[in-house]
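One chain comes next, on its own, written out as structure tokens in the form predicted alone.
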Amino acid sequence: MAEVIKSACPLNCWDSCGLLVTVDNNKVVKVEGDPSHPITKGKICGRGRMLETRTNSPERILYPLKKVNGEFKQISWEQALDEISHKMMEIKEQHGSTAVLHSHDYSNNGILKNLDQRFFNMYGGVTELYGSLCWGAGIEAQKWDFGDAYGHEPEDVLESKNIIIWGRNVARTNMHFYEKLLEAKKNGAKIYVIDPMFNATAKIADEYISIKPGMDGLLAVGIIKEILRLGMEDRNFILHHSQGFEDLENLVDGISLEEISEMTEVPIEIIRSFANIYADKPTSTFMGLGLQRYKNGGNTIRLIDALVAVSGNIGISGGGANYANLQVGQSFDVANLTMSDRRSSHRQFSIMRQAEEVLAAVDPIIEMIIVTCGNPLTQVPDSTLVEKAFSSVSTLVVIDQFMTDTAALADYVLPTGTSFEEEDIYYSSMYHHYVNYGPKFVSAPGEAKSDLWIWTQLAQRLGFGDVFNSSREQLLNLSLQSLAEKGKTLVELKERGTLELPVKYVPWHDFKFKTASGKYEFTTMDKGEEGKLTLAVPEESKWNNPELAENYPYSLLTIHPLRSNHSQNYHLYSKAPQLKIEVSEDIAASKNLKTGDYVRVWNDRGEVKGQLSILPKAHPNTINIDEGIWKKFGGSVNALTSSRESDNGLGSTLYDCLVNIEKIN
């Protein structure tokens, strides 16, 4: 008999939805939204509904696989685990534990996914990745400014008089916030969208501002300049709750509004109008993650933060520089799971430059790569080099549910379960502050096993199995230890399905910041000259590299796909996807291109080919190709992107990319 079970979406997404999952005879039949969830209220996106397809897909990897003479052969778990653990023992003895690279990302938000860290720390400490392909530069930037990256709780936007959506298409990536915007607009709030692409969110805006990609920080400088000219700055905040303002004043004095307008390709009258919008408090600003995927990405977020601060919209209801909300994740005791104090060795590679670092590694060289929660051959920039690096090691192990591009390159593929096949708790540090419970309610197919089982078995063979003797419930309780002290327990979470976490609804309302000075820092004092704001622009631009811009005159964006969470769903579509190349109308006109044409996009790093589509109202000289597409469907757009790091070293430069385009037969 069919049963409806309350569950949670595991996807690494803004919304972190509550689910109702229909199960019949040990099979997931339907995935719907949970109407009782306090934020998501029964509405979910297509990616969430596709969890049923993901769980039941006939393409699931069912057994451990080993590559023999270039072909995968089914082997037993015992053989796979024995051979992998034996290789790990040999590597540790001969080269040291950091000869193993753990390549990982964040394919879902399960708290127990952190147990991979426990395993590698107990092994002795391996080469780990730092930084983030997704949001790292912006997180670091807000830590420089505020001391941490905190956002307002979802309902607070209803207190805003003006709402600025800056480089963020919430209709595609954050559907429940989109609904909240509609409610705010109905209540009288004005909505402004700043973006190089006219998107679904722009359609509901009172005003859409088209901007040249990567020039958002300069636009913020222009608005600050006009606020100061008109004397509309919040002098009380500046004098009593900030430091380094003089440096900002000197910066904005060093460029004219005319220069800013020319570089951003935003008319002066619009820049001036935004000075009044920000002064008409409360004005909230919601930044997207694409803004900081440039060489100047951290500086961009810091300049927008500075605009919010100068205008007096910090620490007030209906205001805020909303980028992320790390106080959500800080509610959990992740250190109890990871046991980082137990490692004896440690080495770090940049997540963006992991391919170069693998190829250049010495003392020790990388002998083994173990991939969890990711598909680096598709998702990491400069994918041609990534494939070369991952092919160069003696052993590549991938833990996954499907034969991804990365898994296809592996020596061993270990099949793991989906979220419905193991118990965990889920949250997101991007939008709302509720944690969701996800029970196990179906069995994994074939011989697929949970990550916890895999780590436990390997740990036993490597001599530290005792630290994996805990049950899932015990481990979940470990992660909730500090919450339990505040009366929020795993028992209650299981009963209710979701719990509100103890966060500040309006961050910085007391003007006590987590910086070294305790103030908002326009200049980050402990960073020296590096801590000063600049007028930086993208690395790949006519301002920094005119010769490159002459050869490759078009800005390439690589936004998130509509129906796939990064590369996770492309192989699950009912109709095989095709690589689509979207171009602004001026490019189509100048190149005599029409919708449906087969085109090539290229630069010095590589090329992709696909069918052309024309983007209405997109900023001139702009191209978009959705990220994440697999080789067999056309290949990753990351063949074109650079592995350079952002200015603060913790973010990618995926959008800092110039290309050319031509029609081909």
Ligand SMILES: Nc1nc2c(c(=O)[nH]1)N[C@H]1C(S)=C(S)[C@@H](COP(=O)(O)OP(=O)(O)OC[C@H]3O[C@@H](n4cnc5c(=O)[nH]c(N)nc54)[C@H](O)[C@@H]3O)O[C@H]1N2
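Note that residue numbering begins at 1 and tracks the sequence as displayed. Everything quoted here is computed from the prediction, not taken from an experiment.
Keep in mind that the form predicted in complex with the named molecule is missing from the display, and what follows is about it.
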Which of 584-592, 153-161, 439-447, 564-572 lines the interface with the named molecule in the predicted complex (heavy atom within 4.5 Å): 564-572
Only one of Thr524, Gln117, Ser541, Thr173 comes within 4.5 Å of the named molecule in the predicted complex by heavy atoms, so just point that one out. Thr173
Contact assignment for the named molecule in the predicted complex, among Thr456, Ser479, Thr558, Thr498, heavy atom within 4.5 Å: Thr558
All of Val23, Glu52 and Glu128 with a heavy atom within 4.5 Å of the named molecule in the predicted complex: no
Does any part of Met430 reach within 4.5 Å of the named molecule in the predicted complex? Heavy atoms only, please. yes
Spell out, yes or no, whether the shortest heavy atom distance between Thr338 and the named molecule in the predicted complex is within 4.5 Å. no
Would Asp105 show up as a contact with the named molecule in the predicted complex if we use heavy atoms at 4.5 Å? yes
Closest heavy atom of Asn313 to the named molecule in the predicted complex, within 4.5 Å or not? no
Select from 273-300 the residues with a non-hydrogen atom within 4.5 Å of the named molecule in the predicted complex and write them out in sequence order. Gly288, Leu289, Gly290, Leu291, Arg293, Tyr294
